[in-house]
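One chain is shown next in structure tokens, namely the form predicted on its own.
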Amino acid sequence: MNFKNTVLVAIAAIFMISCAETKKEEMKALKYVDEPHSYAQPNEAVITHLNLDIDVNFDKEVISGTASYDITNNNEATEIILDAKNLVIENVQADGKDTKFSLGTYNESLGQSLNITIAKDTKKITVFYQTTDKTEAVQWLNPQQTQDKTQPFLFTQGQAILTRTWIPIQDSPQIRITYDATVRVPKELMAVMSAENPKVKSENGEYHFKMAQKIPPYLMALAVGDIAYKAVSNRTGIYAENSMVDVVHEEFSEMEKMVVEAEKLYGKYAWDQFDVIVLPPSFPFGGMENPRLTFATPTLIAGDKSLTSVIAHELAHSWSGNLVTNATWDDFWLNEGFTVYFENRIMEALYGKERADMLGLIARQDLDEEVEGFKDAPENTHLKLDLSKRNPDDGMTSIAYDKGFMFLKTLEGIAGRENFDVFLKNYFQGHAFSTMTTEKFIKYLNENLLEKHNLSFNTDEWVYNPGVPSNAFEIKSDKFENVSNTLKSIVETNKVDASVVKDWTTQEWVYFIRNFPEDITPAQMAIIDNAFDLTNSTNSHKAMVWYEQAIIHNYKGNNVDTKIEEFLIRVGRRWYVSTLYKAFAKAGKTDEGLAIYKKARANYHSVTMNTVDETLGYKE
């Protein structure tokens, strides 16, 4: 080899080494951060699109079929890792041919890694699987557990890390995918998903779905039941069991108005359709923001639209959470704090500042109670959490919601609403269909709001320190002042003027009941109950806070114990039932709570069970 060729070979070798080093540096700069709640290694190989093909068997209570993924190999990886928990993995293929796979060590919270062998050029993997009786995301309901009591029902709940219990998947919020699905169900039933949905039942029970926008796996959702659809507008509508369709439609008749007001604030709704399905009472949350199809509890149906702030909340998630998503569950406040703030702005636009202020003050009261409850573990009151060795459900407290809300409300007060709205709109639109860490948000906040307008703000104290900083925005409400004066008068005189409360909203009633003095007597509660019949309230929120006070203050009038038991057996909303079981524990009545829980537990979703088990120290 002559000198010239030697030089060329050397240059080529240097170039190849340089390229390899550049690739390593690029790998370091990839967008996926370390995720303690997923086994996936997306910087190595990541899923990009799911084609789901499943059968829903109510007789066996099993979902079975295939999950096929388009994948991207980011680093010449020889395996791709999915998350799976309590699933039967029957076979795996890579580009249509059987491939090796293995399941890792089982973890009670995280499940197992599903390690799949791939080649450097593998484009698709297919997992053949079925669920088991330990699948936590899915609740199978018999007809008696539904409203109409004629057909069975099924729904899933994936947040935070339960999607892996009904689909083998890379179950991290920072991984976004599109999906198609084919779902076969009994022909008497309809299937709906967080995707483009049918409006009528198919003749053969087969349904096809498409989600064209990229979503994180926790927003994958399926419901199957004897349901019907009724439009509110050309882009909003409701699903419910047949006997409830008209009632639900009336209750949620202002959905289109909510979307319009939300778009005025922070930009175009990105998901085309905003529908709501009201599920059976066991659904564990007020609502779940599954894109295009919010899942909701029937406890929102009050008859006067007074609890529809939950619908505003789930709509707001279409921007904060679904459009810009917390990268890890340590950053959960970026989803929920922003959403509570946005919800409050929607409610103000539709119903006025007084209504919004009342909601804000209730949120502040919830926050103060949560901070007090964590006085022995103040680190749980940070906005940015460290959940690396914990279940992410542990971070789903009022801190993320209400301290996050107060953080943003305080920022609004310092920056001015006009500047703050411009900032938030740019934030949502500039980071659409992406994920966000707390640190990345703080950098964006500094550059695009605080430094831009020469503002000073104690961001680190809010985010990384316990409790609520002293500069928190103070929310006032004249209506709540009147409520406080009414309560004071009743307690002092043992007399009730019923005319004072005839126009009260649900928020005023909740504030009234929650602020009973600690030394209120059963006799005084009887006077209040006889005047307002709170024991028999059909408004679930009023009933819940009244039952809480009855338990704590040992009120026994109007057959309230029976009403509490009926409520706990009928309702599965975690916030409501956990509040009442906590009241039993606080009042030294754990045995009474356990006696009811043993009757009610089978009606609850696993999410609710896990919380109440811990509260009451229950073990099967």
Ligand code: BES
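Being a predicted model, the structure only gives us computed values, none of them experimental. Counting begins at 1, following the sequence as shown.
The same protein has a further form, the form predicted in complex with the named molecule, not shown here; the description that follows concerns it.
Colleague: In the predicted complex, which of the listed residues (398, 139, 165, 159) lies with a heavy atom within 4.5 Å of the named molecule?
Modeller: Flagged contact: 159.
Colleague: If the cut-off is 4.5 angstroms on heavy atoms, which of these, 288, 363, 84, 347, is the one near the named molecule in the predicted complex?
Modeller: Exactly one listed residue reaches within 4.5 Å, namely 288.
Colleague: Heavy atoms within 4.5 Å of the named molecule in the predicted complex: which stretch in 146 to 154, 546 to 554, 209 to 217, 312 to 320 meets that?
Modeller: Only one stretch qualifies here: 312 to 320.
Colleague: Is residue 39 close enough to the named molecule in the predicted complex to count, meaning some heavy atom within 4.5 Å?
Modeller: Residue 39: no, not in contact with the named molecule in the predicted complex.
Colleague: Could you tell me if residue 575 has a non-hydrogen atom within 4.5 Å of the named molecule in the predicted complex?
Modeller: Heavy-atom contact with the named molecule at 4.5 Å: present for residue 575.
Colleague: With the cut-off set at 4.5 Å between non-hydrogen atoms, does residue 332 touch the named molecule in the predicted complex?
Modeller: So residue 332 counts as contacting the named molecule.
Colleague: Check whether residue 251 has any heavy atom within 4.5 Å of a heavy atom of the named molecule in the predicted complex, and answer yes or no.
Modeller: Heavy-atom contact with the named molecule at 4.5 Å: absent for residue 251.
Colleague: Could you list the residues in 331 to 363 that come within 4.5 Å of the named molecule in the predicted complex, counting only heavy atoms and keeping sequence order?
Modeller: Stretch hits, in order: 332, 336, 343.
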